[in-house]
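This document starts with one chain, in the form predicted alone, laid out as structure tokens.
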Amino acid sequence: MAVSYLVHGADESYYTGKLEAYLRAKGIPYDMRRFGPASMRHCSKHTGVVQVPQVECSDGTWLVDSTLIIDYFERLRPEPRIDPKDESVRFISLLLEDYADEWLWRPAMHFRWSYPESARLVSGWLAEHLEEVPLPMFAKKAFWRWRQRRVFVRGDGVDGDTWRSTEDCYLDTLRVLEPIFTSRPYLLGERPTQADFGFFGPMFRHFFCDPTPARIMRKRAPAVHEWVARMWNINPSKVEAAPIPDRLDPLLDPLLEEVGRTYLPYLAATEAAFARREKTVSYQAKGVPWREPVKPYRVWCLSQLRQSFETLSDPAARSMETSLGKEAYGILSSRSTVRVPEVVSTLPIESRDQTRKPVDSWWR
């Protein structure tokens, strides 16, 4: 009997949207269950993680973390393939997926919760997830606005000094993506890769759907807007009909320069602060000083990128110095001096240590 999949997630969720697009592209059937307090207790009992999405498999196993889930399915059901065969293209695809997953999170949360129009709309959607909580609707909406701003906006370093830089992250991303999607259907070529699904997370459920950033996208980047719809309309036959990307072209240069100049140094600063057992990390990005909580998950992200980098042949590895810059090359080619935090067990998860308290992977 074939295994079936139940996705515990949300229509508003960054990473749920990313995972859904991937499952649709691969032709993997699934059912959705909207998260709530009871469903999160159910999930975390089995996985030890309080987050969405999580996948409950009919054989009793579980899948968590959108990046690891995609990697799992690429091994379990490799066709139609979204994993590039060329080693350099594959590494860049994984790097861009990670960048979109982690670096675009801040502007996505800022535009959603700092602007009243978007905050009112999305707090209403999220309030519906608390139907089992005996509070009036206005109180549930107020809870979500207070919690998300405290944790994911002000708590993530967005204030009067960094507000503009946060928004520039989104605007600059649109600027570099627009010529790419004007010239081809997907980030690296004619077929979607991990990079497309990574960018789809913030671009779909936040920037495409939330009123304030959606207006900006429609005005400034219609080709990006079209790509979002294309990603949601994808299916296995469309993937199979397109060639797998096998080279990198100059249209990617501005995006790769930004990743090398900003994101990888941020990951390195986070790792250094984590090694010193500090609670916050300070760094420079886009000419602005930042201070935010140390997120051990992102120490794990850097370790995963280094593992992928280590598999590259010497010519491919050296080409990354040209694409990403010397500082980025040094970060990727160096070895971690810290004990990398454990994120999840190898997928699928069959059982977990019940003595450990469930955690939100972003903060662990």
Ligand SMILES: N[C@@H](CCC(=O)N[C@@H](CS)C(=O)NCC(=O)O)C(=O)O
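None of these values were measured; they are calculated from a predicted model. Numbering starts at 1 and follows the sequence shown.
The same protein has a further form, the form predicted in complex with this ligand, not shown here; the description that follows concerns it.
Novice: Is this ligand in the model of the complex close enough to 22, 200 and 235 that every residue in that trio has a heavy atom within 4.5 angstroms of it?
Specialist: No.
Novice: Counting only heavy atoms and a 4.5 Å cutoff, which of 303-311, 62-70, 329-337, 26-34 contacts this ligand in the model of the complex?
Specialist: That would be stretch 62-70.
Novice: Using heavy atoms only and a 4.5 Å cut-off, determine which of 152, 290, 208, 91 is in contact with this ligand in the model of the complex.
Specialist: Of the listed residues, the single hit is 152.
Novice: Under a 4.5 angstroms heavy atom criterion, identify the one residue in 147, 184, 218, 175 near this ligand in the model of the complex.
Specialist: Checking each option against this ligand in the model of the complex, the one that comes within 4.5 Å is 147.
Novice: Given that the partner is absent here, does residue 39 sit within 4.5 Å of this ligand in the model of the complex, heavy atoms only?
Specialist: No - in the model of the complex, heavy atoms of residue 39 and this ligand never come within 4.5 Å of each other.
Novice: Could you tell me if residue 52 has a non-hydrogen atom within 4.5 Å of this ligand in the model of the complex?
Specialist: Heavy-atom contact with this ligand at 4.5 Å: present for residue 52.
Novice: Taking the shortest heavy atom distance, is residue 266 within 4.5 Å of this ligand in the model of the complex?
Specialist: It does not: once this ligand is placed as it appears in the model of the complex, residue 266 has no heavy atom within 4.5 Å of it.
Novice: Can you tell me if residue 105 lies within 4.5 angstroms of this ligand in the model of the complex, counting non-hydrogen atoms only?
Specialist: Within the cut-off, so yes.
Novice: Would you mind checking 11-30 for residues with a heavy atom within 4.5 Å of this ligand in the model of the complex?
Specialist: 13, 14, 15 sit within 4.5 Å of the partner.
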